[in-house]
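In structure tokens, the next block holds one chain alone, the form predicted alone.
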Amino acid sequence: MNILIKSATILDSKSEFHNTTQDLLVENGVITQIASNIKNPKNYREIAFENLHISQGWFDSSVCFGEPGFEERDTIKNGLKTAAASGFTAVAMNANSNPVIDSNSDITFVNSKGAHHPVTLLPIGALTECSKGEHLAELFDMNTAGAVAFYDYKKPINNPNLLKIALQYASNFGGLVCSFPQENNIAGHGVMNEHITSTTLGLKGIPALAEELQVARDLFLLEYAGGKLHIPTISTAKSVALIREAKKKKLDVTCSVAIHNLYFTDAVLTDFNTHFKVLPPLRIQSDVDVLIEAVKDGTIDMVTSDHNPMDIEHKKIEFDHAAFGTIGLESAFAALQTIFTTKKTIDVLTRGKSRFGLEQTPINIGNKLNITLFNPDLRYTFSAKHILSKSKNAIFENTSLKGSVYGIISNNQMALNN
């Protein structure tokens, strides 16, 4: 791939050209020149967009694509196409398929589906067999096949001894164990945050305590067993405090938050719109404020779209019976930009890679080109026309957002919109 990128503002704190507007000459996928004005004597394809900004390629640590088994929700092929159009050069795919991804051959299948694509697909294997929480899955075999972490998506490990053993076993080969932060006996049959709004609406609530008990338990187990723990999608202020304290103890723990838990509160549920039914549930404003500050100060290591397509049969029904989950890749960048500055948004979208085995690729001469191209200033209302997923359960539909994506250049390939 030989191209010339014109007048691009580089946002990359690891680059010597950070915060400057430059041309970039790329030959055979490698950056060979960066300067304010580069000629094009070899007549390479020129890439130019209005108000073009570029950064290192973005990473999402939690996406679901349905396949295998739930292709009516989405496929890996279309999911990767959606990720590319949304600015992501790498995504970690959860194991919540049918069958559940819990073996060497399953990981090999996912890798084959994601091969030769501009977006790097990183498979997450199930932590337990069929994600039933009873017996550990083939962790080492999946690691050998390329699994980057082990996680029973949205299913807590109820048996603390099982998590202890998982942490100890995975530490032998540097495996990353993920544990969903919910104590099911406390959460019960709750469908939203337990607070004033749930009482007003007459809906069963999921207390913040359900999350915080599990986080506290898992951190105690990590302190005892050692290993590497990732706590996905926390949602409460006390969870932040617990993880901050664990990091002060130098425990090997990271965590993430879903973008919608930084944006919405449970107050949006007054019309029973099932697009807002997510897990963990939308909390109250004081939780949101603490979560945002924790992203800023690094206590929360990464932000995820927690992209989870659900077909209409699981969403367009009574709130109590609707499935949890929302799609989020398409709205991720523009939603974050309504919360953070552009520079902080890019920081949020590019950090967390190393935890899942990805190398940073600074925009410097001699490095392979791995970038996202975007316009940070375009304002618009997110609507159905912006949805690229097969499923349409978008929590940000009809929300005013800021910023558009032009595409990505990665793995010596281009995936540009329009």
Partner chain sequence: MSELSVNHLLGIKYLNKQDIQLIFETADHFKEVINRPIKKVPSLRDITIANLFFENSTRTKLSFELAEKRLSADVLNFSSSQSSVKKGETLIDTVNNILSMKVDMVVMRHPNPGAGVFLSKHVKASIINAGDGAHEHPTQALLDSYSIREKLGDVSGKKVVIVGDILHSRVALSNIFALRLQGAQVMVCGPKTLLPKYIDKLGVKVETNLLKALNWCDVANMLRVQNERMDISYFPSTREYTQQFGVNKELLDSLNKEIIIMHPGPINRGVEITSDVADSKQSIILDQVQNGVAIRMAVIYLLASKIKQ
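This one's a predicted model, so the numbers in the text were calculated from it and none came from an experiment. Residue numbers count along the first chain shown, from 1.
The same protein has a further form, the form predicted together with the partner chain, not shown here; the description that follows concerns it.
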Item to check | Interface residue in the predicted bound form among 343, 296, 77, 321, criterion: non-hydrogen atom within 4.5 angstroms of the partner chain | outcome: 321
Next on the checklist: Which residue, 194, 301, 212, 106, is the contact with the partner chain in the predicted bound form, using a 4.5 Å heavy atom cutoff?
Outcome noted: 194
Item to check | Partner contact for residue 201 in the predicted bound form: the partner chain, 4.5 angstroms, heavy atom | outcome: yes
Checklist entry - Looking in the predicted bound form, any heavy atom of residue 165 within 4.5 Å of the partner chain? => result no
Item to check | residue 272: touches the partner chain in the predicted bound form, heavy atom cutoff 4.5 angstroms | outcome: yes
Checklist entry - How about residue 189: is it within 4.5 Å of the partner chain in the predicted bound form, going by heavy atoms? => result yes
Checklist entry - Of these, 77-85, 153-161, 115-123, 313-321, which stretch puts a heavy atom within 4.5 angstroms of the partner chain in the predicted bound form? => result 313-321
Checklist entry - Can you name the residues of 394-410 that have a non-hydrogen atom within 4.5 angstroms of the partner chain in the predicted bound form? => result none
